[in-house]
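The chain below stands alone, shown as structure tokens; this is the form predicted alone.
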Amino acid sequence: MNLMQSIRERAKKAKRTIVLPESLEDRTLRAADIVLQEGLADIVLLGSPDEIISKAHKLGLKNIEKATLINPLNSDKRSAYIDKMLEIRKSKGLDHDSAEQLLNDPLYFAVMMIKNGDAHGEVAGADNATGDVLRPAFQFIKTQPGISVVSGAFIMILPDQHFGDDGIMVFADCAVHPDPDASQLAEIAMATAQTARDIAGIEPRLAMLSFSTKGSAKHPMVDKVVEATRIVQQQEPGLLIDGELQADAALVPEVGLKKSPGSPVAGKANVLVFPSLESGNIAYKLVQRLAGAEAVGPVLQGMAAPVNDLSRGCSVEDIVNMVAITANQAK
């Protein structure tokens, strides 16, 4: 069984409810139909039920009627959601009329469903920009306790199974935070370890990457990685982590043994934590294109409940996979 099959099987067992706010987008509807057919999750579609059913029929879809269809404009939950919105954002100047207007937007309605316990997670972005998807989540779902920064991880499935765990690795942050400080980098590392367990199904061995290994270079950028590693070791003493490590020291056993002897991670890392978004984003794309790796994600991590953003160029299969991943993330 490959990784995505395993993720789908775990999603079936989890029986989570995932809300899809882009209900009239063709790929989203096709993906919802597959998710419902395979039993990967219970699905909530937001919009006019008549329009959703009509569109589904035109697309020849057979399973959409198994979904829960909710029109945000006349839902009986509106009053409760507005009260919760005011409770969370009144100190930020949100008033009743503004909350009412926001709740007309399916992206806001979706996060309030999650906040109220009526759904476990959300997948969107096939028809909306990343900022529009994430803004409601940042405002109302917020981050996990002890986490101040949201980051994006990619599950990398490599043709060369000598690396990682049988070719499976996790890279972060490759999608969200441009230049984390040491504390934020530590949070990203801990969140990525959780993603490795929950989504990739591997026990994490984290390499905190740099252009230096164990003091071979001196620079404030190196100091940041050293400090981030220290913070993680202090907060999660049982986690296998080492840094600062160069990429070859993290991945190649002979190099790791030479550059960082006695390290529990060097030469056998399965999670790579990059010092900046620039390095992480470049690295995953190079590995994807030059090594022929499959890059699954980005999986957003650090949110108090899973909200995952799609590329607007995503395929139906991408959406199905992200629904399964979101179901795996949901607690």
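From a predicted model like this one, the values you see are computed outputs, not experimental measurements. All residue numbers are counted from 1 along the displayed sequence.
Another form, the form predicted in complex with acetyl coenzyme *A, is not on view; read the next lines as being about it.
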Under a 4.5 angstroms heavy atom criterion, identify the one residue in Met190, Ile141, Val176, Leu103 near acetyl coenzyme *A in the predicted complex. Val176
Taking 4.5 Å between heavy atoms as the contact cutoff, choose which of Ile82, Ile199, Val150, Ile168 touches acetyl coenzyme *A in the predicted complex. Val150
When acetyl coenzyme *A is placed as it is in the predicted complex, are Phe109, Arg289 and Val323 each within 4.5 Å of it, taking any non-hydrogen atom of the residue? no
If contact means a heavy atom within 4.5 Å, which one of 241 to 249, 88 to 96, 74 to 82, 222 to 230 is the stretch that engages acetyl coenzyme *A in the predicted complex? 88 to 96
Any non-hydrogen atom of Ala56 within 4.5 angstroms of acetyl coenzyme *A in the predicted complex: no
Is Leu134 part of the interface with acetyl coenzyme *A in the predicted complex - any heavy atom within 4.5 Å? yes
Does at least one non-hydrogen atom of Val265 fall within 4.5 angstroms of acetyl coenzyme *A in the predicted complex? no
Is Leu277 part of the interface with acetyl coenzyme *A in the predicted complex - any heavy atom within 4.5 Å? yes
Given a 4.5 Å distance limit between heavy atoms, list every residue of 282 to 319 close to acetyl coenzyme *A in the predicted complex, or none if there are none. Tyr284, Lys285, Pro298
